[in-house]
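Let's start with one chain on its own, the form predicted on its own, as structure tokens.
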Amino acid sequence: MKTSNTFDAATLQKKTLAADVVIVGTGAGGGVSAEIFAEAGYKVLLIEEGPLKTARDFNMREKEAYPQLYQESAGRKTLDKAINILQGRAVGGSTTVNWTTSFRTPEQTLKHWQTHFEIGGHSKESLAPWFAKMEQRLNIEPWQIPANPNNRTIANGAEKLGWSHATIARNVKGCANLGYCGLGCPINAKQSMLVTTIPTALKAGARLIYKARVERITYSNEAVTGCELIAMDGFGQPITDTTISIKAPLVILSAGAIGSPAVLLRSKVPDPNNLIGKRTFLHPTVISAAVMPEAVNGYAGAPQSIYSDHFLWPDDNEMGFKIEAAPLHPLLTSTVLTSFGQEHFALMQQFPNIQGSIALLRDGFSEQSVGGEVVLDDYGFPKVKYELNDYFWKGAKKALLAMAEMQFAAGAKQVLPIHLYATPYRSWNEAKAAIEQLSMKPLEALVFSAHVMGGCAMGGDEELSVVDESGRYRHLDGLYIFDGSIFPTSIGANPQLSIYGLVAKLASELVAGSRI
């Protein structure tokens, strides 16, 4: 995709550029925005912190993909090291490395936003045509090929127990069922921003600067004037002697739910209610591994094709969770499985037979679930503070119990909850008794996340929200935020389609309203 319109920031000769619209970030929000504005005739300039990689670079090798395509080499963690956060860092953002799972925003989530955050303009009905538009644009439809054994285990266990389950929709075209979506698609089957909206925007005249970090948004007299960039090297470290100034009357911030608050904090934009970075949500996720009697080969086939929402919306006020499969590749799996030495070796010898289930906990829907906060370190890099409290741990233990019961119902020989003090259990009764006794504490139960939301919450109350329902930043003219950071809670589902649909609506309305 390297064209005359794409530039490595370190090689730019001009140190001052101009555009009608600067879009910071090239993931789900930035990619959709770029296509809409470029096709409407605006001079668009896209900024991406990560490198520009294409299918030729995606060789399905973990040791190369994680350092090149993920934030902090896939080792990003919360400040207390209790949660590992997987986030993309390349042109296309996380859409380049996600597992293609696509859900519309649950109606319960939208109703919660309306009731608790005065968001009335984004209902199930008003968003439906925008979801349909993006589903058509990105070829999103339920996966037609039979699920691989890793996912089929969820269906088998759920059926035995009478739990609900269904097929996942994916954004793919001509998929060869390789199973390496998380390392970048080597055949361009995944309909990420890298191969869809961004090439269209470039064809319409947009420009792309990659390996560039937005140091600050510039503004004067309560209106944005552009932004300032510094060039980055291939490992995400700044090249401090290269600074570029961009002049533009409109800035769209789409750097994601950690990056967007970080840009605002570095820019010291007006924030009279001290809200930027607050209410950051992760879908904290716990894991259960099972040894199945037959080979699972969890690295092959569509990474996620079956899910169960049986426990997502409980009648009480407890934290619900969504069950999905986790694709298993040897490097990542070896770092996730607890135990050491001979015990770890014995588990890895059974690698072809290991099934991986995950439970995504739905955070932000209770007064006891206030999420985390994005802050800056001394060098301006973002860090996430996120407290795992008793309310979360109660839900996490329920999730480990549910996954173990499901895996044994599907025929597992052994089940291992991923917890420092757990061992492989050989029956549901043994596992149930042991999990009930596990202490649930940070750094004892392994928690990770691939979904970051919030930090620039949308809402109807000016004193409680960073942006209004149009995505407009409340305290500067010409600044909009179009990404998952404007979600006031997590959403209870993998977020990419929610971002696509909402941003398509917001960007189209902004263009139609001629608000520039």
Partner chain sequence: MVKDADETEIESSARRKVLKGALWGSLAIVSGVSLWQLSLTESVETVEADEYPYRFLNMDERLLLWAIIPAYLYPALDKNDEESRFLVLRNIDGAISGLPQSTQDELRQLFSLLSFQLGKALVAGIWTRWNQADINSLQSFLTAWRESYVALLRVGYLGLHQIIVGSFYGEPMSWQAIGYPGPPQMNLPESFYEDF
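Numbering follows the first chain given and starts at 1. In this text, all values refer to a predicted model and were calculated from it rather than measured experimentally.
Form predicted together with the partner chain: not shown, discussed below.
S.K.: Can you check 404-412, 183-191, 388-396, 275-283 and let me know which stretch has heavy atoms within 4.5 Å of the partner chain in the predicted complex?
M.R.: Of the stretches listed, the one contacting the partner is 183-191.
S.K.: Classify P442 as contacting or not contacting the partner chain in the predicted complex by the rule of any non-hydrogen atom within 4.5 angstroms, answering yes or no.
M.R.: P442: contacts the partner chain in the predicted complex.
S.K.: Given that the partner is absent here, does I246 sit within 4.5 Å of the partner chain in the predicted complex, heavy atoms only?
M.R.: Contact check for I246: no, nothing within 4.5 Å of the partner chain in the predicted complex.
S.K.: At the 4.5 Å heavy atom threshold, is P352 in contact with the partner chain in the predicted complex?
M.R.: It does: once the partner chain is placed as it appears in the predicted complex, P352 has a heavy atom within 4.5 Å of it.
S.K.: With heavy atoms only and a cut-off of 4.5 Å, decide whether S334 touches the partner chain in the predicted complex.
M.R.: Answer yes; at least one heavy atom of S334 falls within 4.5 Å of the partner chain in the predicted complex.
S.K.: Find the only residue in E107, E294, D80, E125 having a heavy atom within 4.5 Å of the partner chain in the predicted complex.
M.R.: None of the other options qualify; the answer is D80.
S.K.: Taking M60, S73 and F235 together, does each of them reach the partner chain in the predicted complex with some heavy atom inside 4.5 Å?
M.R.: Every residue of the spot touches the partner chain in the predicted complex.
S.K.: From first to last in sequence, which residues of 337-359 have any non-hydrogen atom within 4.5 angstroms of the partner chain in the predicted complex?
M.R.: If the 4.5 Å heavy-atom criterion is applied to the partner chain in the predicted complex, 337-359 yields L337, T338, S339, F340, G341, Q342, E343, H344, F345, M348, Q349, F351, P352.
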